[in-house]
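Only one chain comes next, encoded as structure tokens, the form predicted on its own.
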Amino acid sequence: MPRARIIRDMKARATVASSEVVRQAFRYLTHNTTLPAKVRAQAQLQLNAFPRDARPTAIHNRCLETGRGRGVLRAFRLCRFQFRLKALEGELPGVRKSTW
């Protein structure tokens, strides 16, 4: 089951990346108040026609190892438990267990 979550996340990220330029263009048209209302409304309809996964807010950080959606460190894209395991094994460059 976790693999399905990871694959779904990867597909959503690819969809966002592929449609981001066109989405930004439509957003610019809808927010531009100097354009006629008809053009702005048409751009809004085009924007609404995009798939649900095309929105950047649909992206949720997930662990690459387990697919866990909570407690994920953004810089490493690992959940806290996997981060700890990999850090202790020395698999993460530049990460050491702190001592003081």
Partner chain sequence: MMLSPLKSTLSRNTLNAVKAASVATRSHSAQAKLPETMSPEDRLVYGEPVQIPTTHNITVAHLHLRSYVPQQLEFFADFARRAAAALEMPCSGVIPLPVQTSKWTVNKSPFVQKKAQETFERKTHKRLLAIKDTHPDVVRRWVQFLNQNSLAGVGMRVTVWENEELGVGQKRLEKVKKGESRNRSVAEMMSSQDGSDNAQEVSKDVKAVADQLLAEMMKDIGGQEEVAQDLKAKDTSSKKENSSQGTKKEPSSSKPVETEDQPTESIVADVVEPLVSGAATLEPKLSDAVEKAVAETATKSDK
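Positions refer to the first chain, counted from 1. Keep in mind that what you see is a predicted model, and the values were worked out from it rather than measured.
Another form, the form predicted together with its partner chain, is not on view; read the next lines as being about it.
In the predicted complex, its partner chain lies within 4.5 Å of some heavy atom of R80.
Contact check for V95: a heavy atom falls within 4.5 Å of its partner chain in the predicted complex. Taking the partner from the other structure, its partner chain in the predicted complex has a heavy atom within 4.5 Å of a heavy atom of K38. At a distance threshold of 4.5 angstroms between non-hydrogen atoms, T57 is out of contact with its partner chain in the predicted complex. Contact residues in stretch 7-33 (any heavy atom within 4.5 Å of its partner chain, taken in the predicted complex) are V21, V22, Q24, A25, F26, Y28, L29, H31, N32, T33.
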